[in-house]
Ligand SMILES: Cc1cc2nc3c(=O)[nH]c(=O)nc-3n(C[C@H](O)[C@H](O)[C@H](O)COP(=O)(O)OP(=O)(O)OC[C@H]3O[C@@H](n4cnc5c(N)ncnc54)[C@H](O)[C@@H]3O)c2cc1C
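What follows is a single chain, given as structure tokens, in the form predicted alone.
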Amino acid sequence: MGDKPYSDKSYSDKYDVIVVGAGPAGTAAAITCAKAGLNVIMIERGEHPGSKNVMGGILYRYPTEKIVPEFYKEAPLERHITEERVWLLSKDSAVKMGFKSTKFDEEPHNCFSVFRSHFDKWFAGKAVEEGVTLINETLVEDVIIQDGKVVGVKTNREEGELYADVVVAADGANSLMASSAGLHPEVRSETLALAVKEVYHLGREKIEDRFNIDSDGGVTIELLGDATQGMMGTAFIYTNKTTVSIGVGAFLSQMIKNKISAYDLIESVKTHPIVRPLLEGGETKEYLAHMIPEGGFRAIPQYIMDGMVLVGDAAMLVNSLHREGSNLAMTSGRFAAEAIIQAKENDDFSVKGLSLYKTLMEDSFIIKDLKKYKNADKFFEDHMQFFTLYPQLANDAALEFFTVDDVPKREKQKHIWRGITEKIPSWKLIMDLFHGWRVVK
């Protein structure tokens, strides 16, 4: 049962807004609507918000503060991130890059590592404080459509029909709501990534020593190349207070094609000779898996219909190149709520009445960024050497250059170039780099 007893409202009552899913997108929408005085019910299938939700574990301050000002003073956060690193892995080495700034140590911080099970529960609690009715352990099985308009939802509870002016679908990448309403067909494996994550307990002292961080700061490490065994995707390591989150994600279609299981994929990352020392002596506390929408701009469905809007993962809003998802989710939830508030004022919940949502989305970084990278997935799918050959060449070149012997540096440079061009023609390398730059510029 929810944080508020379900008996507070009878099933026959009509709400202003039904929010399905109490993740960042749904809760952002619920809070924004409730602050405007709307009567909101939020339905969560887990035993509490966050119990079914998984993400890598990075939360961005700016979009969250738009919903709950100065949330960082009370929210259950782990560490503020002061340094971001990128590793290009070969089988036995890594080319390491990164950025660290004292600016990231200044408040308010840029982003934080979090556990969704803790943060989502706290975030939903803020919605309840604003008057939202939160119902847990309830599955929404279908939408209710009358005369082409969504007017409510069917739940798995007895007499479980609920009605509202607007339904907010925030039920994830495999959105039943979107599918039931015909807003997009069944999600294809080519547009989904399967991400797996483990939480390792190491203790505060080991974490701060191994990652060279202070008692409050944290580090993110993105791992490319050998981390995904030649498939499109990335791995990550994020520091928490006394644990580290390690995970890896790859396109589901490629995992199926290569017959690689999620377990095998994360085991290969954990046992990599560059990664293994960071985890030595740790104890696995949690194992999680999650589908992530990776289709980009071209996979965004129609996200408004009469009586319903899609937000967050349900609208396929993830910027995988920049490891951004929670910020898109919260911002889309807030935009949807602002459109609903206007629709309530005008008593018009049609596509036209909710069109402010589309306007806000298209004017924002969300659509602009996703549109900017609209060709990236197809490009990298056609150029898998960016995940296989090129990380290996970078490591081979670094090994040659940094090995001190009696070979002059000019000869080393020639040898490095010969080693590269033996594996890929120079014109092909130049064209790949040029077109790759064009795709992401």
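In this text, residue numbers run from 1 along the sequence as written. All values derive from a computational prediction rather than experimental measurement.
Another form exists, predicted together with the ligand; not displayed. Remarks below refer to it.
Residue contact check for Y163: none of its heavy atoms lie within 4.5 Å of the ligand in the predicted bound form.
In the predicted bound form, at least one heavy atom of I58 sits within 4.5 Å of a heavy atom of the ligand. The ligand in the predicted bound form is approached by I43, whose closest heavy atom lies within 4.5 angstroms of it.
A residue is said to contact a partner when one of its heavy atoms sits within 4.5 Å of a partner heavy atom; R79 fails this definition for the ligand in the predicted bound form, lying far away. Stretch-level contact check against the ligand in the predicted bound form with heavy atoms at 4.5 Å: of 299-307, 163-171, 338-346, 272-280, the positive one is 163-171. The contact residue chosen from W122, F236, Y72, F104 relative to the ligand in the predicted bound form is F236, the criterion being a non-hydrogen atom within 4.5 angstroms. Contact with the ligand in the predicted bound form, judged by any heavy atom within 4.5 Å, is made by just one of L183, I292, V151, L134: I292.
Across the proposed site, G23, V318 and A329 without exception bring a heavy atom within 4.5 Å of the ligand in the predicted bound form.
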